[in-house]
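Next up: a single chain in structure tokens, the form predicted alone.
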Amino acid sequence: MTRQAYTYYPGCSLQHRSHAYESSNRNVAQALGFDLVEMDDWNCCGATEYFSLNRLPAYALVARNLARAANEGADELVVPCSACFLNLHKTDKQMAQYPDLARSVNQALAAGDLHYTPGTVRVRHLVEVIISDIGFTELATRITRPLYGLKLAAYYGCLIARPDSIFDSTEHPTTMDRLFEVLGAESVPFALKTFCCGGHMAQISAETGFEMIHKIVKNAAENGADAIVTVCPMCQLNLDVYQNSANKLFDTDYQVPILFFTQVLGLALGLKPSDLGIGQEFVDAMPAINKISEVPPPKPKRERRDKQALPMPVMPE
């Protein structure tokens, strides 16, 4: 049987600070029976700031990757980074909607003997590929070490959900929440699941950035989360690296590890923490991982109450 192979755009972050994400992506793909084939000669997506500085070079920078992928014969491009996913998806969509933009971008690409026809390459986030192409039912059969007893907060961040999520709700996504249940973990209520982590705000205005980080970590901790799980390298970096700085600013002592979704998936597939890059995080994840039980938690019993005994609702004045 031929293994499914996807053309893969890793992005800059996974080559350096977020190497743990790259390790877990590769090993999870191997365990699930598909290959991530890195596209040749890719370049940085420009992150988010470049578009506010000079739109045409920003679109051309991103479109070069789409053109390169198309030249390799790819009709899909799998992306693990939310910022990269947003920029690639947005560029393809905007070029399709605005012919003048497409012409200007292709004039720029022509300097490198490239051309991109909008709609040629479908941009997909890795989490959507795993959920859609493999599916929850099949994933459930692959679980060898259920994450019983582990309480996780699904943190999507703002870039994958907005402005137009192509595979989940923009305001209340549930893809990862459902995944956690398949893995045997508990998905805790998390109101700030699409709240912005601040991006580069920690370097621009530290106090503002730390306040945003603190709100997210506080909300997850107060809902009993053992860890926050994300799909975005920037979100993971901010919540992990600056968590103690936020603690100092607000006189708190939260120690909530920040993991990537492929790391918790890999654990449930029976992969070793070291193969998933666990141990590279600033806030140690092992205390949370050590909470994993071999026994599933008991199902909560439904309370039977006499309807006549229910208190009367308090009416607003």
Partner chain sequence: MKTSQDLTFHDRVVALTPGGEALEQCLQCGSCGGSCPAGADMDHTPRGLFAMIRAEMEDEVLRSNTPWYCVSCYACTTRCPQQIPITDIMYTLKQMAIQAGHYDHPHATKFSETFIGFVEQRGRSFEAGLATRYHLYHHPTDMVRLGMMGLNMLRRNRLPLRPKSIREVDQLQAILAEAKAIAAKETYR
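Residue numbers count along the first chain shown, from 1. These figures come from a predicted structure and were not determined experimentally.
Same protein, other form: the form predicted together with its partner chain, not shown, and the subject of what follows.
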Please tell me whether any heavy atom belonging to Pro257 falls inside 4.5 Å of a heavy atom of its partner chain, as the geometry stands in the predicted complex. no
Lys90: heavy atom within 4.5 Å of its partner chain in the predicted complex? yes
Given that the partner is absent here, does Gly135 sit within 4.5 Å of its partner chain in the predicted complex, heavy atoms only? no
Is Gln94 close enough to touch its partner chain in the predicted complex, meaning at least one heavy atom pair within 4.5 Å? yes
Tell me, please, which stretch of 82-90, 140-148, 178-186, 127-135 lies within 4.5 angstroms of its partner chain in the predicted complex when heavy atoms are compared? 82-90
Select from the listed residues Leu114, Ala74, Ala221, Ala102 the one whose heavy atoms reach within 4.5 Å of its partner chain in the predicted complex. Leu114
Across 185-216, which residues bring a heavy atom to within 4.5 Å of its partner chain in the predicted complex? Phe195, Cys196, Gly198, His200, Met201, Gln203, Ile204, Ser205, Thr208, Phe210, Met212
